[in-house]
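Consider the single chain below, provided in C-alpha coordinates and representing the form predicted on its own.
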(Lines give C-alpha, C1' and ligand atoms only; values in the text may rest on other atoms or scores of the structure.)
Protein backbone atom coordinates (compact mmCIF):
# COMPACT_ATOMS: atom_id res chain seq x y z
CA UNK A 1 0.00 0.00 0.00
CA UNK A 2 1.09 3.60 -0.56
CA UNK A 3 1.81 5.42 2.70
CA UNK A 4 0.30 8.82 3.53
CA UNK A 5 3.75 10.31 3.96
CA UNK A 6 4.74 9.30 0.45
CA UNK A 7 1.43 10.56 -0.96
CA UNK A 8 2.02 13.98 0.57
CA UNK A 9 4.76 14.56 -2.00
CA UNK A 10 2.72 13.61 -5.07
CA UNK A 11 3.64 15.68 -8.10
CA UNK A 12 1.24 18.60 -8.58
CA UNK A 13 -0.72 18.88 -11.84
CA UNK A 14 1.18 20.36 -14.76
CA UNK A 15 0.15 23.97 -15.27
CA UNK A 16 -0.66 25.04 -18.83
CA UNK A 17 -1.11 28.60 -20.10
CA UNK A 18 -4.49 27.61 -21.50
CA UNK A 19 -6.38 24.76 -19.87
CA UNK A 20 -9.32 22.91 -21.42
CA UNK A 21 -10.15 20.58 -18.53
CA UNK A 22 -9.47 21.26 -14.86
CA UNK A 23 -10.21 18.78 -12.07
CA UNK A 24 -9.81 19.79 -8.42
CA UNK A 25 -10.12 17.57 -5.35
CA UNK A 26 -12.36 15.00 -7.06
CA UNK A 27 -13.56 12.24 -4.75
CA UNK A 28 -15.78 9.27 -5.60
CA UNK A 29 -17.22 6.50 -3.43
CA UNK A 30 -19.54 3.74 -4.62
CA UNK A 31 -21.63 1.88 -2.03
CA UNK A 32 -19.34 3.21 0.67
CA UNK A 33 -16.18 2.05 -1.10
CA UNK A 34 -13.71 4.87 -1.92
CA UNK A 35 -12.79 4.76 -5.63
CA UNK A 36 -11.13 8.13 -6.32
CA UNK A 37 -9.21 10.15 -3.73
CA UNK A 38 -8.82 13.93 -4.16
CA UNK A 39 -7.90 13.80 -7.86
CA UNK A 40 -6.46 17.05 -9.23
CA UNK A 41 -5.21 17.38 -12.80
CA UNK A 42 -5.43 19.53 -15.89
CA UNK A 43 -5.50 19.04 -19.66
CA UNK A 44 -4.31 21.59 -22.24
CA UNK A 45 -6.49 22.73 -25.13
CA UNK A 46 -4.96 20.19 -27.52
CA UNK A 47 -2.75 17.12 -27.53
CA UNK A 48 -2.98 13.60 -26.12
CA UNK A 49 -2.74 12.95 -22.40
CA UNK A 50 -2.07 9.29 -21.63
CA UNK A 51 -3.77 8.01 -18.47
CA UNK A 52 -1.92 4.93 -17.24
CA UNK A 53 -1.83 2.72 -14.16
CA UNK A 54 -2.61 -0.81 -12.99
CA UNK A 55 -6.04 -2.38 -13.33
CA UNK A 56 -8.38 -1.06 -10.66
CA UNK A 57 -6.56 2.25 -10.34
CA UNK A 58 -9.73 4.20 -11.12
CA UNK A 59 -8.97 5.30 -14.68
CA UNK A 60 -12.31 4.33 -16.21
CA UNK A 61 -14.17 5.71 -13.20
CA UNK A 62 -12.44 9.03 -13.76
CA UNK A 63 -13.61 9.13 -17.39
CA UNK A 64 -17.17 8.36 -16.30
CA UNK A 65 -17.07 11.25 -13.83
CA UNK A 66 -15.86 13.66 -16.50
CA UNK A 67 -18.82 13.02 -18.79
CA UNK A 68 -21.29 12.54 -15.90
CA UNK A 69 -22.03 8.88 -16.54
CA UNK A 70 -21.02 8.65 -12.87
CA UNK A 71 -22.48 11.49 -10.82
CA UNK A 72 -21.87 10.50 -7.20
CA UNK A 73 -18.63 12.47 -6.96
CA UNK A 74 -17.53 15.48 -4.98
CA UNK A 75 -15.10 18.17 -6.06
CA UNK A 76 -14.94 20.37 -9.12
CA UNK A 77 -14.63 19.61 -12.83
CA UNK A 78 -14.58 22.48 -15.32
CA UNK A 79 -14.44 22.37 -19.12
CA UNK A 80 -13.28 25.63 -20.67
CA UNK A 81 -13.91 27.41 -17.36
CA UNK A 82 -17.50 26.10 -17.11
CA UNK A 83 -18.54 23.74 -14.32
CA UNK A 84 -19.87 20.52 -15.84
CA UNK A 85 -22.39 20.32 -12.98
CA UNK A 86 -23.93 23.58 -14.20
CA UNK A 87 -23.57 23.00 -17.95
CA UNK A 88 -26.27 24.85 -19.94
CA UNK A 89 -28.82 22.29 -21.08
CA UNK A 90 -27.77 19.66 -18.54
CA UNK A 91 -26.08 16.27 -18.93
CA UNK A 92 -27.27 15.60 -22.49
CA UNK A 93 -25.85 18.87 -23.79
CA UNK A 94 -22.61 18.28 -21.91
CA UNK A 95 -22.13 14.93 -23.62
CA UNK A 96 -22.37 16.69 -26.96
CA UNK A 97 -19.13 18.41 -25.96
CA UNK A 98 -17.40 15.40 -24.41
CA UNK A 99 -17.08 12.34 -26.63
CA UNK A 100 -16.39 8.90 -25.15
CA UNK A 101 -15.04 5.88 -27.02
CA UNK A 102 -14.96 2.63 -25.02
CA UNK A 103 -12.71 -0.41 -25.36
CA UNK A 104 -15.38 -2.56 -27.01
CA UNK A 105 -17.20 -0.96 -29.95
CA UNK A 106 -20.94 -0.59 -29.56
CA UNK A 107 -22.69 -0.03 -32.88
CA UNK A 108 -26.41 0.60 -33.15
CA UNK A 109 -28.57 -1.92 -35.09
CA UNK A 110 -28.91 0.34 -38.11
CA UNK A 111 -26.81 1.53 -41.04
CA UNK A 112 -23.25 2.81 -41.01
CA UNK A 113 -24.50 6.27 -41.97
CA UNK A 114 -27.17 6.45 -39.27
CA UNK A 115 -24.64 5.37 -36.66
CA UNK A 116 -22.42 8.33 -37.54
CA UNK A 117 -25.16 10.98 -37.57
CA UNK A 118 -27.00 9.57 -34.55
CA UNK A 119 -25.93 12.32 -32.16
CA UNK A 120 -26.02 15.42 -34.33
CA UNK A 121 -28.51 18.06 -33.33
CA UNK A 122 -29.90 21.32 -34.68
CA UNK A 123 -31.29 22.45 -38.03
CA UNK A 124 -27.95 23.29 -39.66
CA UNK A 125 -26.37 20.01 -38.59
CA UNK A 126 -29.28 17.89 -39.83
CA UNK A 127 -29.34 19.81 -43.12
CA UNK A 128 -25.64 19.12 -43.57
CA UNK A 129 -25.65 15.63 -42.09
CA UNK A 130 -24.01 13.95 -45.09
CA UNK A 131 -21.09 16.37 -45.12
CA UNK A 132 -20.68 16.00 -41.35
CA UNK A 133 -20.73 12.20 -41.66
CA UNK A 134 -18.13 12.25 -44.43
CA UNK A 135 -15.81 14.51 -42.45
CA UNK A 136 -16.14 12.36 -39.32
CA UNK A 137 -15.50 9.15 -41.24
CA UNK A 138 -12.44 10.71 -42.88
CA UNK A 139 -11.14 11.82 -39.49
CA UNK A 140 -11.63 8.27 -38.21
CA UNK A 141 -9.75 6.83 -41.22
CA UNK A 142 -12.84 4.90 -42.36
CA UNK A 143 -14.30 6.87 -45.27
CA UNK A 144 -12.35 5.06 -47.98
CA UNK A 145 -13.58 1.68 -46.76
CA UNK A 146 -17.30 2.51 -46.38
CA UNK A 147 -18.10 5.38 -48.77
CA UNK A 148 -19.79 3.01 -51.23
CA UNK A 149 -21.84 1.16 -48.61
CA UNK A 150 -23.01 3.79 -46.15
CA UNK A 151 -26.44 2.18 -45.98
CA UNK A 152 -25.13 -1.28 -45.17
CA UNK A 153 -25.65 -2.58 -41.60
CA UNK A 154 -23.01 -1.32 -39.19
CA UNK A 155 -22.81 -4.85 -37.77
CA UNK A 156 -21.38 -6.04 -41.11
CA UNK A 157 -18.13 -4.17 -40.41
CA UNK A 158 -15.09 -5.83 -38.90
CA UNK A 159 -14.24 -5.21 -35.25
CA UNK A 160 -11.57 -2.68 -36.17
CA UNK A 161 -13.94 -0.89 -38.53
CA UNK A 162 -16.65 -0.83 -35.88
CA UNK A 163 -14.26 0.82 -33.46
CA UNK A 164 -13.41 3.47 -36.03
CA UNK A 165 -17.15 3.91 -36.64
CA UNK A 166 -17.63 4.59 -32.93
CA UNK A 167 -14.83 7.14 -33.15
CA UNK A 168 -16.52 8.79 -36.14
CA UNK A 169 -19.83 8.90 -34.24
CA UNK A 170 -18.10 10.67 -31.35
CA UNK A 171 -16.44 13.14 -33.74
CA UNK A 172 -19.64 13.97 -35.63
CA UNK A 173 -20.92 15.95 -32.63
CA UNK A 174 -17.79 18.15 -32.74
CA UNK A 175 -16.63 17.46 -29.17
CA UNK A 176 -14.49 19.88 -27.19
CA UNK A 177 -12.88 16.93 -25.40
CA UNK A 178 -12.49 13.27 -26.41
CA UNK A 179 -12.20 10.50 -23.81
CA UNK A 180 -10.86 7.12 -24.94
CA UNK A 181 -10.90 4.02 -22.74
CA UNK A 182 -8.38 1.58 -24.25
CA UNK A 183 -9.78 2.06 -27.77
CA UNK A 184 -7.24 -0.25 -29.46
CA UNK A 185 -6.95 -3.01 -26.85
CA UNK A 186 -8.91 -5.62 -28.83
CA UNK A 187 -7.78 -4.69 -32.32
CA UNK A 188 -5.41 -6.16 -34.87
CA UNK A 189 -2.15 -4.28 -35.62
CA UNK A 190 -3.47 -2.62 -38.80
CA UNK A 191 -6.64 -1.32 -37.13
CA UNK A 192 -4.61 -0.15 -34.14
CA UNK A 193 -2.25 1.76 -36.42
CA UNK A 194 -5.13 3.44 -38.27
CA UNK A 195 -6.78 4.56 -35.04
CA UNK A 196 -3.50 5.83 -33.61
CA UNK A 197 -2.90 7.86 -36.77
CA UNK A 198 -6.41 9.30 -36.54
CA UNK A 199 -5.94 10.21 -32.88
CA UNK A 200 -2.64 11.94 -33.57
CA UNK A 201 -4.28 14.11 -36.22
CA UNK A 202 -7.27 14.92 -33.99
CA UNK A 203 -4.98 15.95 -31.15
CA UNK A 204 -3.87 19.04 -33.07
CA UNK A 205 -7.40 20.44 -32.68
CA UNK A 206 -8.85 19.11 -29.40
CA UNK A 207 -7.59 17.54 -26.15
CA UNK A 208 -7.69 13.75 -25.89
CA UNK A 209 -7.55 11.77 -22.65
CA UNK A 210 -6.41 8.25 -23.54
CA UNK A 211 -6.54 5.36 -21.08
CA UNK A 212 -4.01 2.73 -22.11
CA UNK A 213 -2.34 -0.29 -20.55
CA UNK A 214 0.12 -0.32 -23.45
CA UNK A 215 3.06 1.73 -22.19
CA UNK A 216 4.66 1.82 -25.64
CA UNK A 217 1.45 3.30 -27.03
CA UNK A 218 1.27 5.84 -24.21
CA UNK A 219 4.86 6.89 -24.86
CA UNK A 220 4.33 6.95 -28.62
CA UNK A 221 1.16 9.05 -28.58
CA UNK A 222 1.16 10.98 -25.32
CA UNK A 223 2.38 14.52 -24.92
CA UNK A 224 1.82 14.30 -21.20
CA UNK A 225 1.22 11.36 -18.87
CA UNK A 226 -0.93 10.94 -15.78
CA UNK A 227 -0.05 7.92 -13.65
CA UNK A 228 -2.78 6.67 -11.30
CA UNK A 229 -2.69 4.04 -8.59
CA UNK A 230 -5.23 3.15 -5.89
CA UNK A 231 -7.57 5.91 -7.02
CA UNK A 232 -4.92 8.61 -6.68
CA UNK A 233 -2.86 10.64 -9.14
CA UNK A 234 0.73 9.70 -8.32
CA UNK A 235 2.50 11.72 -11.00
CA UNK A 236 1.63 14.01 -13.90
CA UNK A 237 4.38 15.16 -16.24
CA UNK A 238 5.26 15.61 -19.88
CA UNK A 239 5.86 12.33 -21.69
CA UNK A 240 9.63 12.60 -22.04
CA UNK A 241 10.14 13.47 -18.38
CA UNK A 242 7.85 10.73 -17.09
CA UNK A 243 9.29 7.87 -19.12
CA UNK A 244 12.94 8.91 -18.83
CA UNK A 245 13.09 10.65 -15.46
CA UNK A 246 10.09 9.65 -13.32
CA UNK A 247 10.01 11.42 -9.97
CA UNK A 248 8.00 9.01 -7.82
CA UNK A 249 9.14 5.63 -6.54
CA UNK A 250 5.77 4.17 -7.53
CA UNK A 251 6.22 5.45 -11.08
CA UNK A 252 9.67 3.88 -11.37
CA UNK A 253 8.33 0.55 -10.12
CA UNK A 254 5.43 0.64 -12.55
CA UNK A 255 7.65 1.46 -15.54
CA UNK A 256 10.07 -1.30 -14.62
CA UNK A 257 7.61 -4.07 -13.84
CA UNK A 258 4.21 -2.79 -15.10
CA UNK A 259 3.06 -3.14 -11.47
CA UNK A 260 3.39 -0.94 -8.40
CA UNK A 261 3.05 -1.29 -4.66
CA UNK A 262 -0.72 -0.93 -4.75
CA UNK A 263 -1.08 -4.18 -6.75
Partner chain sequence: MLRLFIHSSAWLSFSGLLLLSGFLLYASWPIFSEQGLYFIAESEWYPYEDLFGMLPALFGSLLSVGVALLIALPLGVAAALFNIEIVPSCLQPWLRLLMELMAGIPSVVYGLMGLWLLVPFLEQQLDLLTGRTLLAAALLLSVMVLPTIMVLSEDALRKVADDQRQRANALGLSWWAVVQRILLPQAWPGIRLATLLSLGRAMGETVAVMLVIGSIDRLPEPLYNLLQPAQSLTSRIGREMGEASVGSPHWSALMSSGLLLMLMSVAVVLLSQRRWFK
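Positions refer to the first chain, counted from 1. All of these numbers come straight from a predicted model, not from anything done at the bench.
FYI, the form predicted together with its partner chain isn't displayed, but the following is about it.
Residues within 4.5 angstroms of its partner chain in the predicted complex, judged by any non-hydrogen atom, belong to 62-70 and to none of the other stretches in 62-70, 233-241, 36-44, 220-228. For the three marked residues, 100, 106 and 109, a heavy atom of each sits within 4.5 Å of its partner chain in the predicted complex. When its partner chain is considered in the predicted complex, only one residue from 178, 173, 133, 187 comes within 4.5 Å through any heavy atom, namely 173. Shown without its partner, this chain lists 138, 96, 147, 80 as candidates; in the predicted complex, only 96 has a non-hydrogen atom within 4.5 angstroms of its partner chain. Residue contact with its partner chain in the predicted complex: residue 164 places no heavy atom within 4.5 Å of it.
Using a 4.5 angstroms threshold between heavy atoms, residue 160 stays clear of its partner chain in the predicted complex. Although the partner is absent from this view, residue 118 contacts its partner chain in the predicted complex, with a non-hydrogen atom inside 4.5 angstroms.
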